[in-house]
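One chain comes next, on its own, written out as C-alpha cells in the form predicted alone.
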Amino acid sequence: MAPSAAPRSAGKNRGRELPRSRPRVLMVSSEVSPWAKSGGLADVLSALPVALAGIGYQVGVVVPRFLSAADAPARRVVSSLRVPFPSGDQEIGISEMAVPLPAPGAGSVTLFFVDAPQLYGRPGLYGETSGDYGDNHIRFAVLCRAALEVSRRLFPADIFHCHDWQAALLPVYLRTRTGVDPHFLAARTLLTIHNLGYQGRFDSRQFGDLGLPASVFQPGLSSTGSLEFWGGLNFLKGGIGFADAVNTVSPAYAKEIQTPEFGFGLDGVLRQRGAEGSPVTGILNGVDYTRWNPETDSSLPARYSLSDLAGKRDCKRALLAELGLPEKAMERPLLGIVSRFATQKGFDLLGEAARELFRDDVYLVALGNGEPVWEDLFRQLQREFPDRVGLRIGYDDPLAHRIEAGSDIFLMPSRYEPCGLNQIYSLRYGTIPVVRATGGLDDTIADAGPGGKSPGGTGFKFADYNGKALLETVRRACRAWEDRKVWTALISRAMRQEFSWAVAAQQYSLLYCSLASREHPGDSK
C-alpha cells in the first residue's frame, strides 16, 4: 500500500479510518460553481470532483464563503478557529455540505466553506471596479492555512490539489510550517495552473504578513523555492517551486508556458522543474454534458440532436429575435461569441477584421463583459452595424446556451488559451468553431481544411496572430457553410466528439496514485 494510504486520525470525533485503495484528495480553490464564479475555474471545481467520485474517490473541496455563497445549505462544523499571522490573528469557521452525485457510488464529494466575513463578505471575489482588494495576499493565505486545518481536523488528505495562485501558498506552508507533524508527513501536493497570466503578484513589503520564513524570499532562487520575483512577491512562483507536481489544463498549454512568449516571466522556473526530473504536464479539461447538451438543454427554445437538427434552425430564429437582428439573417452565417472581454481573448483581431467581415453579409451575436476597452469595441461595432451585431454586456448563463445553439459559427481568436470550454460546448451544439491554434484550442479542434472537406475536421484554425488570418479563416468557414452537404457532414463530426470529465478523471487518478507512492525530494526543506 502506498505510504499516503496509511490510516490517520481524522480528528476528535471522526474515529479511526479504514484502509483505502485510493488516496483522499482535498482540492483548494477560490471558486466553485454555483457558489463562486468568475470563469471556467469554477466549472472545473464543480465537475472534476464529481467525476472522481464516480470512479471511487473521496474528494473534499475547500473554498472561501463569499457573499455569493451566503445561502449555501452548509452546516458549521468548526465554530471558531484562530489562524495566527504576524499582522494579527484571523478568526475563521468551517462549514461543510455534501455534494449530490448523479449516481450512487463508492466515492463522495464534500464542500468545505471557510467562514471569515471580515475577509470574504464583500461584493467581489477579488476586487471591485476600483481595483483588487488590498489585502488579497492575506485573504488567500488564510484560505491555504484553513485548508491545512480542514485536513487536520475533518478530512485527512493524502493529496492536496491546489488550483491557481489563490491556492499556491499551500505547498509552501506545508513544507515550511508543518515541520515533522505526523499528520502531514505523507501528504503530497499538486498545483494546477489554469491561467499563467494570473500569478498573485504583490509588493515585497507584504511578504512579512504571511508568516513564512525569510529563506523562501531570497532573490535569485528559481524553482527550488522562492516567492521573490523581480523584487516583488509572487504566490504562483512559490507554488511552482514547492509543489510535488505541477500540471496545466491542456497538453499544448503545458508546452507553451515554458516559452518566453507564453511564460509571463515564469518560463525558466517551469523549465527548471523538467530539468530536475519533474516536468510540467497537461491534462485536458472536460465538460459537463449534463449541462451542455442540446437534447436536454432547458434554456433552449427548441431541442435537437445529431439525428434531428430541425430544432437548431428554430434556435437560430429565436436568437435573432432575442438580440434584435433581422429575419433575413436566417439565410446567412451567424457568428457567435460568449467570453470574458479580455485582451487574452484576441478581440483586437476582431476589431481589425470586423468591418471587412460585415461586407461579406454575415451577422454577429456576442455576450460578455470585462475590460472597458473591449466592451467599448463591441458597443462601437453595434453602433456602426446595428442590423448586423446583436450584443449583450454582462453575464447571462441561459443566453450563453442559446448563443451556442443558435449560432452557425463560434469565434475564439485567442492570443492564448490554456484550455477553453466554449469551443467544446460548440462542438456538441453543432456550432462550428473558428479558433486560433493555441493551447487547448489547438488540442481540441481539428482543421477542416480547404472547403471544410477534411475527413477528420471539426472546425477551422489559424496560426498567425493578426486580423487578416482571422478574416481569411472566417471566410473559409463561411464558404463551407454555403455548401449544405459539406456543412452537415462537418456538424455531424463535431457533435460526435467526446470531451467528458470521465477521461480527465482517469488521467488525474493516475497522477494522484503516482504522487501518493512517490518519495518527496524536498521533505527536508
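Values in this document were obtained by computation on a predicted structure and should not be read as measured data. Note that residue numbering follows the sequence shown and begins at 1.
Keep in mind the form predicted together with ligand GLC is missing from the figure; the text below concerns it.
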Heavy atom contact within 4.5 Å of ligand GLC in the predicted bound form, the stretch among 382-390, 443-451, 189-197, 320-328: 189-197
Contact residue in the predicted bound form, chosen from 76, 355, 177, 340 - any heavy atom within 4.5 Å of ligand GLC: 340
Just one of 285, 166, 234, 407 has a heavy atom within 4.5 angstroms of ligand GLC in the predicted bound form, so which one? 285
Spell out, yes or no, whether the shortest heavy atom distance between residue 344 and ligand GLC in the predicted bound form is within 4.5 Å. yes
Is the gap between residue 54 and ligand GLC in the predicted bound form 4.5 Å or less for some heavy atom pair? no
With the partner left out here, check for me: in the predicted bound form, does some heavy atom of residue 249 sit within 4.5 Å of ligand GLC? yes
Although the partner isn't part of this model, could you tell me whether residue 238 comes within 4.5 Å of ligand GLC in the predicted bound form, counting any heavy atom of the residue? no
In the predicted bound form, residues of 391-427 near ligand GLC [heavy atom within 4.5 Å]: 417, 418, 419, 420, 421
